[in-house]
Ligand SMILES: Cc1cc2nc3c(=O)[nH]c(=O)nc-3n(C[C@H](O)[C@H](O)[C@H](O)COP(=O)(O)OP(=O)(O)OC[C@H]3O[C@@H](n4cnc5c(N)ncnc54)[C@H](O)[C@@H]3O)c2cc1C
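A single chain, nothing else alongside it, follows as structure tokens in the form predicted alone.
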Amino acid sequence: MAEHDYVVVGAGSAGCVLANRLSADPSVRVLLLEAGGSDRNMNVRIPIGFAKQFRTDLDWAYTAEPDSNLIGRSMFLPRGRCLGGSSSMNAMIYMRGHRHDYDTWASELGAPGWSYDEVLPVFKRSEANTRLGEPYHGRDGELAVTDPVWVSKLAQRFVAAASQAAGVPVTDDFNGAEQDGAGVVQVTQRRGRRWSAADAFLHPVRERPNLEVRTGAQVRRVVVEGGRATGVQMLDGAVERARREVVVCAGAYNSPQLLMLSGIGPADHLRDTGIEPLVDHPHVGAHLQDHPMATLTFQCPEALTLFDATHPRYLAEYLLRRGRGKLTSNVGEAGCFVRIAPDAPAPDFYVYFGPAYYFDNGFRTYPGHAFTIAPSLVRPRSEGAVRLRSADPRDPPAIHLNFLSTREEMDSMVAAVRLAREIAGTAPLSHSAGTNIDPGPGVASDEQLEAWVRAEAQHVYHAACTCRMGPEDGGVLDEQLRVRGVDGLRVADASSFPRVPGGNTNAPAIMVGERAADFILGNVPAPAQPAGATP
């Protein structure tokens, strides 16, 4: 048995931050355990290659349980399985969410101390923005945030068309004074290459003598003795001791799985899988949320897309010009935050734009130039669950998405699909929009569009909320990310969100990692002064 002060499970967005912040004190020993391997891979480094990681050794490659709301479909669920976690696999969009998200966490969902004014300085601490600064952005952090190196001309046409069709302003900052608007996104890149949480927080400090990073290291269970987490047991039976705390940062699917394998979860379910409950926690694995998305694709008569991006000349350009050209595209180059529901307190849809045919996670292809407009419901109410298949940690968890279970959600999705078509038919994008490939021009009535959504809708890789913060009768964690009923154990990742934010989840997960380190080290910052308008 080895002993450490802190054992961090999972080298993803939050885990890399924690390893950095905790090991900054040379008097403590930190062990970071990652089940996957190295992130030294071209499809990690080159931005456009993220989907080429799917169903490889870099991917957990989960499959959801059949969903009755989606005609019994079982969705593919990629998750990053290397240093950096899903920040090494995502589309690199830097998006925090809306002020309303965090104020609701603090005022209504049992997470005091997590209001927008309290988390804003934490976001800024991590951020190294190359263009934007105060009052909403940081410039001195480790996470590189920048305008994209290469953007298709179609992205700018989408921005102009979406602004007109949706009646929202053009914006150059979705994380600033207002979120509503259409614009090109900022990305977590540096000099045209991906800048993951591992690049930002882990690799620069890996030589610290008090930090041990171990890959290929899957955890079997958290060891709980006398009501306290004292370490973790590995697949081979070895135990790594933690003198102070164990922090689980394994993501929205694997964190609840690990808690349940450790006897922390719904007691009846644990007994059914042959695990003796230590703490009856009915909310572990419950409340799963993600952002449903419908991908509309359009033939493009102009050679302005990423269709030919795999040509060797673009790889040569990327390598010889040190991160230039089409291969720097994150695919989801632009977007539009809109309010479909008339009473929405904040934008309830984000409409993604990509100058490429992107359908079925990129597995389905089209033999020509095309682009994608994909409305995503960012304020879902449906909740799913993560459960164990067995007591064997090598078995993937059973993931029940339960997407679009309410009439209101489906009606909003149909309305958003119609908006996407309207954007494609609005100048200047209309000049580049040919045939609607998916769902096809013959799918026109509300009933037909609903049937298409149920048959083809996907998700946006934003799984969250399965170990959520909340009050004692509604959450797994308290407001300092401590697992109720077990001392010395925290969870810090997207599973801790009380509700999924209205935006991408990488930046919020990094923020959670920062806050976890603050709580552990006793460095909780004072709330920032309100910054004026409502982002």
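Numbering starts at 1 and runs along the sequence shown. Everything numeric here is computed off the predicted structure, so don't read it as measured data.
Omitted from view is the form predicted together with the named molecule, to which the following refers.
- With respect to the named molecule in the model of the complex, the three residues 161, 298 and 432 uniformly fall beyond 4.5 angstroms at the level of their nearest heavy atom.
- Remark: of stretches 64-72, 40-48, 490-498, 467-475, the one touching the named molecule in the model of the complex is 490-498 (heavy atom within 4.5 Å).
- Only one of 329, 262, 86, 289 lies close to the named molecule in the model of the complex, with a heavy atom inside 4.5 Å, and it is 86.
- Residue in contact with the named molecule in the model of the complex (any heavy atom within 4.5 Å), chosen from 148, 181, 138, 78: 78.
- Of the heavy atoms in residue 33, some are within 4.5 Å of the named molecule in the model of the complex.
- The named molecule in the model of the complex comes within 4.5 Å of a heavy atom belonging to residue 251.
- The named molecule is not drawn, but in the model of the complex it has a heavy atom within 4.5 Å of residue 258.
- Taking the partner from elsewhere, residue 458 is found to have every heavy atom lying beyond 4.5 Å of the named molecule in the model of the complex.
- Using a 4.5 Å cut-off on any heavy atom, the residues of 496-514 that reach the named molecule in the model of the complex are, in sequence order, 504, 505, 506, 507, 509.
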